[in-house]
Ligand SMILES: NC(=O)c1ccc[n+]([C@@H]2O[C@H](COP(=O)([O-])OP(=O)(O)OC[C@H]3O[C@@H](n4cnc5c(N)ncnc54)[C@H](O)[C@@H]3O)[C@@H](O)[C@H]2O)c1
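Next up: a single chain in structure tokens, the form predicted on its own.
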Amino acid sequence: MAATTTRVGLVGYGLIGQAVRDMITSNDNGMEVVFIHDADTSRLDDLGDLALTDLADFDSRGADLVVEMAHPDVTRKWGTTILEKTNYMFISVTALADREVETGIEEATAKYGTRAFVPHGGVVGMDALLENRDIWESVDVVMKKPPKNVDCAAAGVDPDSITEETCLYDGPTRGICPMFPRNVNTHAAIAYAGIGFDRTHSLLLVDPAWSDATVAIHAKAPGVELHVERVEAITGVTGASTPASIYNTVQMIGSTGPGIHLR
């Protein structure tokens, strides 16, 4: 039986976007990149016909799936418009901390019969969080990073002024998302998979002495406890495992290639 090809559009062509594009094109996965868009149009200079300078023209490329790898503002501005035409996966999960955005996405999928996807990204154990979301009594997320690897602009913090271990946030996950929108998509995904943005507790610690990024999840329910920790190298605000993780989520959604597929 012949397999159809899944046509994928990429929004954001930085470190993650470039890596995901390379993985799609170098694997026999039944997927084809049909456009690439970036707000920094200089990144599109060598892409030829793949370059899409105006995202308003996305539907002209006939994508079966549009993947956002840029900033939560893309989902705020374009999420429902994209979902009117096709399926949408967004890695900037912090957009969902805005109730209006979340409601708009849910309503668009219901009206147009399209699907929105939240990738697991840096979350280890998302399936366990999701499966037990109705019984968790508490979910805590602890993130540790060097301050130079945290985009503090929205929080009004100068990372260069931090000289020792410092707590940048301690409270409900809904509050951390607008303060550090590029850094805490892991927190947002954990909250969405588990007990929500208001009941999930987030802690963000920074220390210039650290060189790696650590994310720990602690969830408790009657008779069940989940403790997971990931430690990895970090470039910019992105963990080393993120590009491969995002690609594999795209593959789970869109792959029509041969082989045995894990879902």
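In this text, all values refer to a predicted model and were calculated from it rather than measured experimentally. Position 1 is the first residue in the sequence shown; the rest follow in order.
What follows is about the form predicted together with the named molecule, which we do not show.
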>> If the cut-off is 4.5 angstroms on heavy atoms, which of these, Lys144, Arg115, Lys85, Arg182, is the one near the named molecule in the predicted bound form?
In response: Arg182
>> Does any part of Val34 reach within 4.5 Å of the named molecule in the predicted bound form? Heavy atoms only, please.
In response: no
>> Contact with the named molecule in the predicted bound form for Gly79, defined as at least one heavy atom pair within 4.5 Å: yes or no?
In response: no
> Quick one: does Met69 come within 4.5 Å of the named molecule in the predicted bound form, counting heavy atoms only?
Replying inline: yes
>> Within 4.5 Å, heavy atoms only: does Thr173 come near the named molecule in the predicted bound form?
In response: no
>> Taking 4.5 angstroms as the heavy atom distance cut-off, pick the stretch from 201-209, 40-48, 218-226, 22-30 that is near the named molecule in the predicted bound form.
In response: 40-48
>> Suppose contact means any heavy atom within 4.5 Å; which members of 236-254 contact the named molecule in the predicted bound form?
In response: Val237, Thr238, Thr242
